[in-house]
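In the block that follows, a single chain appears as structure tokens, in the form predicted on its own.
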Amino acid sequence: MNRSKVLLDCDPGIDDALAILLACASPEIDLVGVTTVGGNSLVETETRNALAVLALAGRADVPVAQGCARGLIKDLTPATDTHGLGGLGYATLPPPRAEPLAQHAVDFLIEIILAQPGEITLVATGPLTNVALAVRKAPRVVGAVKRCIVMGGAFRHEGNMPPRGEYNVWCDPHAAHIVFHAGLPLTLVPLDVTYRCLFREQHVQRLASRISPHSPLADFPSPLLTFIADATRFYIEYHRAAQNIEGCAINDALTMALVFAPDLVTTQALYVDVELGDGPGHAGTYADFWKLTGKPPNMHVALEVDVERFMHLFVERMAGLAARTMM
């Protein structure tokens, strides 16, 4: 099997944690490193979360580098209402034994990508601050990346930061603008598809039954399943209260899945830009669907998704990882 070398830039965060777990659960992926960026929580909290989730998955060997604490221009507004004060909802994990690298995430990104040109798939599931600075500091990164898959934006779907913004782009629209126009081989995974992939309580129950049909969830011995249940329960409660949605959108897990299953989504080549002004469209992402600008496409945008196939894949991969980590 040809394994994709993946470098994940993220802000764990519940759904970022699920993306880490999916990478660790997938034999098609060689996770070569994780970098953190201020977003869902303070970057120091996110770095501890990344290390702790990797340890939970049995991958404490994966290097983690801490990155930017805030946006290029904007101060950070952590999403504690969405992810909890610790970033992982109701879940608690033992303090990680591993330490983050002394190297800054931006320098780590540059080093890994340039050392293996044409081999690294960069998956970005948080604000794009680290990626933007890597592109500006070492422009050769653009031509050296094999693929860049970014969770961000909203087009024909409501934003989750009023009135038009999506949180990752809203946190640092200036970084998103740099990345979108850098010339990277970019696939964007917006709320248009991620909000169709809802993880519900029934999926937790299905996970438990996949591993041991006769064990009640309350008595289940899997730390990984307990983590998923506790983290997503908070996330589900938020979606119900704030957005009147039953279930939680596992945005970042879908983004990670596209590394090895790109046909889960249907994409369209589009010219996309970000609104940087302070008006009502601030941090909105806009696509030239009707080719009115005359500008060539700068990315592929995912607009349709095979929901049933992805949710089945996610549950099966989590069940497999939970079983392995219990051995």
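Start at 1 and count along the sequence shown; that's the residue number. Small disclaimer: the values here were computed from a predicted structure and weren't measured.
Missing here is the form predicted together with a small molecule; even so, the following discussion is about that form.
- For a residue to qualify, one of its non-hydrogen atoms must sit within 4.5 Å of the small molecule in the model of the complex; none of T35, F108 and V131 qualifies.
- The small molecule is not drawn, but in the model of the complex it has no heavy atom within 4.5 Å of F199.
- Taking non-hydrogen atoms only, N49 never approaches the small molecule to within 4.5 angstroms in the model of the complex.
- L188 falls outside the set of residues with a heavy atom inside 4.5 Å of the small molecule in the model of the complex.
- The closest heavy atom approach of T232 to the small molecule in the model of the complex falls outside 4.5 Å.
- Just one listed stretch, out of 178-186, 201-209, 158-166, 108-116, contacts the small molecule in the model of the complex at the 4.5 Å heavy atom level, and that stretch is 158-166.
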